[in-house]
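Single chain ahead, written as structure tokens, the form predicted on its own.
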């Protein structure tokens, strides 16, 4: 195979750069292709500009979760059932090439299992870290891809460089021996989301401890989302997990949403 699409496709694969290739497998223009990558205009066409636009949008979402699959559209990008009436269906295979986004959860606490479950639904590879061997077990967190008994510093020294904008670090412990070094380590990476659990008063004390170890830069501290999650009125671990993941999505997409960090007063009414 040759041509601009395949040349670019091959180059991105060699560079391990996330890329998606959409191909019409049934309907008009069978075999037509559209190459989609973050930060660049799509290359190729599936036969109609609006179809190209909608598929490119959906392919970026699939790429974020490192998923491949078949999607159905109308020939001009229709997606709703009423718009597809009396229209030929176009079946498009979206093939994603990207590692799944990483979520590192620090603290083997009650909220951890719920957050790991929701994150897995969204396509994350989930790792749980805790220094307490009795709590950090695969039996407690069977949904996690990996459970490690360790302190934060060695983790970030060993693997912190691999974190990128698609990834998330969630610090759910209030133990200063654990959460302060976890925050320090996360701030040294390029991870896209750093969330830290705790009340406003807990976070104020945490900020004082961070200042004591030299973390004072406003740009660094601006990256911390604490209290963690959107202001949804969440109470249960599962509701809290949804609010955290919703905040991660909003931060990644640049949406202005009501985060708990931006509010005042008690986080639970």
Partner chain sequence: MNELLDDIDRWQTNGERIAIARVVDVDGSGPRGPGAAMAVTSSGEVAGSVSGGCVEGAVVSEALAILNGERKAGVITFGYSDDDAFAVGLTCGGTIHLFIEELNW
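Under this definition, the rigid core comprises the largest set of C-alpha atoms superposing within 1.5 Å between the forms. Residue numbers count along the first chain shown, from 1. The structure displayed is predicted, hence computed values, not measured ones.
Below, we turn to the form predicted together with its partner chain, even though it does not appear here.
Contact check for residue 255: no non-hydrogen atom falls within 4.5 Å of its partner chain in the predicted complex. Shown alone here, residue 30 lies within 4.5 Å of its partner chain in the predicted complex, counting heavy atoms only.
Proximity of residue 175 to its partner chain in the predicted complex falls outside the 4.5 Å heavy atom cutoff. For residue 135, no non-hydrogen atom is located within 4.5 Å of its partner chain in the predicted complex, even though that partner is not displayed. Proximity to its partner chain in the predicted complex holds for none of 111, 122 and 245, with the criterion being a heavy atom within 4.5 Å. The stretch from 122-130, 94-102, 146-154, 182-190 that comes within 4.5 Å of its partner chain in the predicted complex, counting heavy atoms only, is 94-102. Contacts between stretch 20-43 and its partner chain, counted in the predicted complex as any heavy atom lying within 4.5 Å, involve 21, 23, 24, 25, 30, 31, 33, listed in sequence order. Core-superposed comparison between this form and the one not shown: CA of residue 246 displaced by less than 2 Å. After superposition on the rigid core, the Cα of residue 217 moves by less than 2 Å between this form and the one not shown. Here's the thing about residue 164 and residue 62: their CA atoms end up at least 3 Å closer in the predicted complex than they are in this form. In contrast to the form presented, in the predicted complex the C-alpha positions of residue 166 and residue 43 spread farther apart by 3 Å or more.
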